[in-house]
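Below sits a lone chain in structure tokens, taken as the form predicted on its own.
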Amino acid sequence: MKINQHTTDHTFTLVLDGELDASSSVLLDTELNQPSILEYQKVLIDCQKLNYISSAGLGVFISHLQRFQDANVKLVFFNMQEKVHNVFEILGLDSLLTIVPSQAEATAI
């Protein structure tokens, strides 16, 4: 798993590349746990190259969700592959998290 980040004035974007499993979820947790991330209005998660997500990976997002909501930071997923989106749907996370098809839509939120 490779995780790249880039920022603009109000947006922090993480680009996930590869498989998000128990071992790589530690990297994601470290990225999302940065105190400075709460200074942004939005955290965008680019899932275009995310090929697989395990329950550990999902757990990392869920564990940070309340923290982001308390800080009024929007968490938005975009460019999600169908097989990864199906995992979110099966677990009902698509109704809990904001998932949009494109970066343009994620940016517009």
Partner chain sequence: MSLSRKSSSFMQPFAILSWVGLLVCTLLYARPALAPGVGTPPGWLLLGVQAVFAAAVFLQERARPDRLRGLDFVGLLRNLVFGPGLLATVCVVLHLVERLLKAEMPGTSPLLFTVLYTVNVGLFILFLARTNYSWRSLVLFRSSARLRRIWEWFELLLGFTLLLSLVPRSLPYSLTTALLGGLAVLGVYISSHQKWVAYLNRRQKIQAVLLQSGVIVAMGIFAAYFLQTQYDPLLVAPAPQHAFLVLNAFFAAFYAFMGLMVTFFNLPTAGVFEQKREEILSLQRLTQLIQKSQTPEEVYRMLFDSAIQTVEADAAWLEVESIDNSEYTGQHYHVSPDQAAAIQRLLTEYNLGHIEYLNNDLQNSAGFRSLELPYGSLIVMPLRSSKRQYGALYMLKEQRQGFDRENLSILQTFTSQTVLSIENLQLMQASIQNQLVQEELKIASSVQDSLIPKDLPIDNWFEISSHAQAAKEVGGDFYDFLHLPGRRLAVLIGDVSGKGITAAFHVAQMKGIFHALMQENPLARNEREKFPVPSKFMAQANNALARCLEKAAFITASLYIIDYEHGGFVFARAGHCHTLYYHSIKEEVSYFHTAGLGLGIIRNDSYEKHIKNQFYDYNPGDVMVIYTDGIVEARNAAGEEYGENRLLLMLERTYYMDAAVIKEKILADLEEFSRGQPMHDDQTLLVIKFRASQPDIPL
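Just so it is clear, the model here is predicted, and its values are computed rather than measured. Residue numbers count along the first chain shown, from 1.
Not on display, but discussed next: the form predicted in complex with its partner chain.
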Of 58, 75, 37, 27, which residue is found within 4.5 angstroms of its partner chain in the model of the complex when only non-hydrogen atoms are counted?
58
Is it true that 63, 90 and 95 each have at least one non-hydrogen atom within 4.5 Å of its partner chain in the model of the complex?
yes
According to a 4.5 angstroms non-hydrogen atom cut-off, is residue 19 in contact with its partner chain in the model of the complex?
yes
